[in-house]
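Listed next as structure tokens is one chain, alone, in the form predicted alone.
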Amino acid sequence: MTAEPIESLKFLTPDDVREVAQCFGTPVFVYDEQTIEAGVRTISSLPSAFGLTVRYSLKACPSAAIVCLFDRLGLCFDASSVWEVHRAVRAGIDPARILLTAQQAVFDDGLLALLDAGLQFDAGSVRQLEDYGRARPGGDVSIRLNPGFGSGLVRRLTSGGPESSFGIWHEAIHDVERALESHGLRLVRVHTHVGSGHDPGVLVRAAAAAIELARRFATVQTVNLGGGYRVKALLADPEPDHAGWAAMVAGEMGRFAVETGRELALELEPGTYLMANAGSIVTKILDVTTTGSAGHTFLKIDGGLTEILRPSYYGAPHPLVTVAAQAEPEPRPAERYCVAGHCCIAGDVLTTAVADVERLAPVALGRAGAGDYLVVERGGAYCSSMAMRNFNSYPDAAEVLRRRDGSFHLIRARQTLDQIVANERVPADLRSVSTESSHYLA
């Protein structure tokens, strides 16, 4: 037994967990429509001086049904690659409602066609700005600013400062001016994104830097602060005060308007904020093992790196909840467990220490055994989209949307073996070997 608090389910009930597992199999992602809608309402009502546009960050979870839901709720979109743009357009999104901010931007016929259809472009380097200018002389453009500092949950999530390649370094603005003038471009937006899980004070500093840059370019109409807004996931987490920093940014914009006569609009690009707590990963416990009195007790599950990379890559904590395979009248006593995934690699563990992936950190869970379920909460953002796909040839998990009425709808079928190998090609001189060995296949 332990006095350590046990995490609880976010939006599913134990009966829901059992129903989802029985209907769709495990592992499976479950997203909640009501939670998504509540997040949109909250962030859309943050204080702003002269208007707020919310752009859903597609990289958080790009499934078509989720994209269509945000479209129905009136959001615009942030894309991090031209492939995300194409995917959103296939889901029915107007390119004019998408802003592309990408490390890789090749102005081929595909990208040019999207720009012709209204796609907005945000240059992340002087070279990108020059390339855009050659392709679209005389057009409107945005730039991503690296203000010289950043903030994130860990270094790998810090997107500003001298150790980050993202954005145009703040001391290179003269190069920006030359590129704008050379190609007749009009700078209409300054974008900055300092990191994910950032400190609100650093975000306000970044906003001030972007607003200050707008003084230099009279054509700037919008300041975009990117994403990375914290959410409360664990019971011990503090509740983030997003209204507080938003009010400070609104004050900065108000002062700018008084001094210059220009009213700047604000854009935000939430991904984690809108999706993290709106998603759960339902897995089945396969085994319980121990490494002795000086070691740990491990729950082995049928998911892992193939569904969630964040604990192993960032040391990011996720709430974990065990659910009995059959309904029981009383909750089970707590035990301390480490949770291991199904991949054949030692790093596939979900219970790493915060920001320290080399150290295990057992957590208190309801006592569980093989056949019970383990739910990974805070699983809606940067889990399915950032998973280690097909490692050990495991198929992509199914995805399910829980509608407002509580019904569950499949929005992505579980991947098949045929789909995993569909693009593979075997040279002719090797085919006979493959054919002869095929009789071993079931």
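Everything numeric in this text was worked out from a predicted model, so none of it was measured. Residue numbers run from 1 along the displayed sequence.
Quick note: we don't show the form predicted in complex with another copy of the chain, though the next part is all about it.
- Segments offered: 203 to 211, 333 to 341, 132 to 140, 270 to 278. Contacting another copy of the chain in the predicted bound form at heavy atom distances within 4.5 Å is 333 to 341.
- Residue in contact with another copy of the chain in the predicted bound form (any heavy atom within 4.5 Å), chosen from Val89, Ala325, Ala364, Val188: Val89.
- Judged against another copy of the chain in the predicted bound form with a 4.5 angstroms heavy atom cut-off, the residues Pro47, Gln221 and Gly406 are out of contact without exception.
- Looking at Cys68, you'd find a heavy atom of it within 4.5 angstroms of another copy of the chain in the predicted bound form.
- Although the partner is absent here, Val349 is a contact residue: one of its heavy atoms lies within 4.5 angstroms of another copy of the chain in the predicted bound form.
- Contact annotation: Gly39 falls outside 4.5 Å of another copy of the chain in the predicted bound form, judged by heavy atom distances.
- Among residues of the shown chain, Gly292 is one whose heavy atoms approach another copy of the chain to within 4.5 Å in the predicted bound form.
- If you take 81 to 102 and check each residue for a heavy atom within 4.5 Å of another copy of the chain in the predicted bound form, you get Ser81, Trp83, Glu84, His86, Arg87, Val89, Arg90, Ala91, Gly92, Ile93, Asp94, Pro95, Arg97, in sequence order.
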